[in-house]
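Heads up, the chain below is alone and in the form predicted alone; it's given as structure tokens.
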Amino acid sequence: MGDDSSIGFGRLDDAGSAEDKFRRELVRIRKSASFRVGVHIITAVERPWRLILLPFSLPWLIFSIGLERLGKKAIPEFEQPRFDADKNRKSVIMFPTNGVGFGHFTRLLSIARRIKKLDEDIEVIFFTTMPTLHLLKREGIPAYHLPGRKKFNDMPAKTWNKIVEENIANVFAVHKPSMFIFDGAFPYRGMLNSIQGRDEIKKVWLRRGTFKKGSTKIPVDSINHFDYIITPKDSLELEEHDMEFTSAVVKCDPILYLDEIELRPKEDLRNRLGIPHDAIVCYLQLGAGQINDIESDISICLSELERHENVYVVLGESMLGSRLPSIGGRVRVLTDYPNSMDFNAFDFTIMAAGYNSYHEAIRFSVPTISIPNMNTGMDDQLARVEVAEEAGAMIVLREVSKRRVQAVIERILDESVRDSMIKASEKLHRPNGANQMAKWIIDEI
């Protein structure tokens, strides 16, 4: 059998891998509160003039450590481990976390599949907490999977982060990447420990939104672990960040999984789901509420749509959520990835105003009734869709009631209204940021 080194891969039993582990452990110890307090006391004992100030300096140190834990103060810089920079491969490690949906995963996969098309010599590897690994297999992308901490009963965060750190370090040791890209709302401490001091790897954080003082609990030292912060644009211009960090900011247009030429023909979905070609088809995906709850938004929309005999409804079902019940009649269920692949088949949609849903509807010019989720924390869905509403590309429903839903459905069933919305959407089209970022990454490695 040939040696792994002949094809450029590293080995887990290399001396460098063991040294890497010991160095990371040393840095972790030096950053610990107990070590820093101990060093502070010993230094005071060795220098008597500091001993006099100890009743004041020690509480201040403990207070500072508390601020660091809360993300209000940066952790002091310590000497970081240094690694051999002469053994990089044309390899990119991507780490998307999983939230309530596919946002993080989809953005990185959108870029990854384009990298592979532009330069097949570049190796793309996923390390992810997402369970949908079959989607990566479909694209020919190998993956390492680690379940999120909440999948384990009562596992301490410290234990899980240690697993993350060791697993990523092993992936680095084997694949020797030139770039590491993280997409998630909050950087895990175990991940940060694994990338610190690796100057031979370009570290990138792909993150929607900006960093505002007082609006994020992310410590500045966490941000500074990354060489670049990629921020995809939204429908409205976001305010510039006002936190001080060393990472360079790279902007791109909204990142979409598909380009127009990849959408399936209109007849494809209708043939598969047994929908007449002359029917009006509505795609309904609100993401919240139960169908059997007659007061939920999704139930109200369904009942009003069913009043129109020539309207068929396709319910979007997430691969991550619970299964939708069988409804029958003129209602079909679609479980695919991405469901936007069938947007040519829909005459209009009723959707929430999440980042991906919004930009897919605009980019593929699908007339949309948008019901923004007003309880999403930092994601201002209403502000996002108001841009399209002002342009005439979407109908925004701020409050849901049978009367309001009935009125907007009656309006969008008018073909002239839908034609006008399609034309308005075309004016809001932007290039696909996935193509831009794939080219940028290829140039950087």
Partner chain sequence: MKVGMISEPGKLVLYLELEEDDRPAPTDKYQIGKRIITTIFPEDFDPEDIHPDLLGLSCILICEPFIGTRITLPKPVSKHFYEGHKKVTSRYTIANVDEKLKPRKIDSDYVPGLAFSGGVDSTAALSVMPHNTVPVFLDRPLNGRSMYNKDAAYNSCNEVSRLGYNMNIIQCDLEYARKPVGFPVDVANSVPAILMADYLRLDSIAFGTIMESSYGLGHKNYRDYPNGNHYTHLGGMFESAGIPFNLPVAGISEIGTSIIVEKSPIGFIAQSCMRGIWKSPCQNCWKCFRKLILDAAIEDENMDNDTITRLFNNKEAMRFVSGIPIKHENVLTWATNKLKIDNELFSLLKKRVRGDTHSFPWMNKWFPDSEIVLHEKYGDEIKHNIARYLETMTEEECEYLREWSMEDMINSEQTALDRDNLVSNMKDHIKSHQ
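Positions refer to the first chain, counted from 1. Predicted, not measured: the structure shown is a model, and the values here were computed from it.
If you look for the form predicted together with the partner chain, you will not find it shown, but the lines that follow are about it.
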Where, among 40-48, 57-65, 398-406, 27-35, do residues come within 4.5 Å of the partner chain in the model of the complex by heavy atom distance? 398-406
With a 4.5 Å heavy atom cut-off, would you call V417 a contact of the partner chain in the model of the complex? yes
Should D380 be classed as touching the partner chain in the model of the complex when contacts are defined as heavy atoms within 4.5 Å? no
